[in-house]
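This document opens with one chain alone, in structure tokens, the form predicted on its own.
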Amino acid sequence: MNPITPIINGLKITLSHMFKKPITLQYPDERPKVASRFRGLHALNVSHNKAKCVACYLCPTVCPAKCITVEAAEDANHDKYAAKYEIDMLRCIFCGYCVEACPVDAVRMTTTFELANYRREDFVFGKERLLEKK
């Protein structure tokens, strides 16, 4: 076997990669394209200027990570609503069972994937913070 042949084959591979489109994204300058079915941060849907959640407790019941906390209350018309709705993102496994279980389509998952924070408390998303996501 000629000792130069492997070197020439290696150079051919190297030269072929020089003319291909780069795969690496220059994050955060370049943003990745997130698939439409991506399960990112949760959000609460709004109907008639209030959250659609009726505090039925299905989402905390089906959550395998037990990261959802709901406390119910009643308004003047005796309609139930979630007085407290929290999701601990450090425990969430983004399985989407809470979205599937919701009978009134109150919870959805957004395409937001950046979860960086400095303190543990910032990973607990309360009702107001979940309503901010559009």
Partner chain sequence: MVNLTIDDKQVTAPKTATIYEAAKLNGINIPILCHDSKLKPFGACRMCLVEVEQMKGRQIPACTTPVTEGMIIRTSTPDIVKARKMVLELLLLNHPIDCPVCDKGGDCDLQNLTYEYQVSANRFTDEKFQHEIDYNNPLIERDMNRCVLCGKCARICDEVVSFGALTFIDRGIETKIGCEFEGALNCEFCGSCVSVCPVGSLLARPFKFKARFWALTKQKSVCGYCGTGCNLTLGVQDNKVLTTIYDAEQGFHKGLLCARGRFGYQFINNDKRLTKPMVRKDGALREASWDEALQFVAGRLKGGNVAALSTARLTNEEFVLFKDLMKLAGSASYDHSAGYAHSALTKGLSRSFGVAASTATILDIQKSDLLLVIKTDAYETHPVVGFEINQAVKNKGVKLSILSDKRGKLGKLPGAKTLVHAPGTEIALLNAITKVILDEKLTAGTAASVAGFAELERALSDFTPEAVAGQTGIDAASIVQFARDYASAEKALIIFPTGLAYPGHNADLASAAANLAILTGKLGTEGSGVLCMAEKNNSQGAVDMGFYPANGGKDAGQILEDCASGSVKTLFVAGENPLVSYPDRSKVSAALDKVDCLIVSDLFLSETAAMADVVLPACSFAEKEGTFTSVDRRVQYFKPAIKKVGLSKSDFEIFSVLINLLGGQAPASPAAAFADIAASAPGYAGMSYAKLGEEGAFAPVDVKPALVAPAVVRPTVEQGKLALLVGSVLYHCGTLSQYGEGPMYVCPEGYVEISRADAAAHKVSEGDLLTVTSSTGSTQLKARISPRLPAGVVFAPYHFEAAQVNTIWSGAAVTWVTVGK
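Values in this document were obtained by computation on a predicted structure and should not be read as measured data. Residue numbers count along the first chain shown, from 1.
A second form of this protein, the form predicted in complex with its partner chain, is not displayed here; the remarks below concern that form.
For the chain shown alone, residue 80 is a contact residue for its partner chain in the model of the complex, at least one non-hydrogen atom being within 4.5 angstroms. Taking the partner from the other structure, its partner chain in the model of the complex has no heavy atom within 4.5 Å of any heavy atom of residue 30. Within this chain, residue 47 is remote from the site of its partner chain in the model of the complex, having no heavy atom within 4.5 Å.
Although the partner is absent here, residue 57 lies within 4.5 Å of its partner chain in the model of the complex, judged by heavy atoms. Residue-level contacts in the model of the complex: of 72, 109, 95, 89, one residue has a heavy atom within 4.5 Å of its partner chain, and it is 72.
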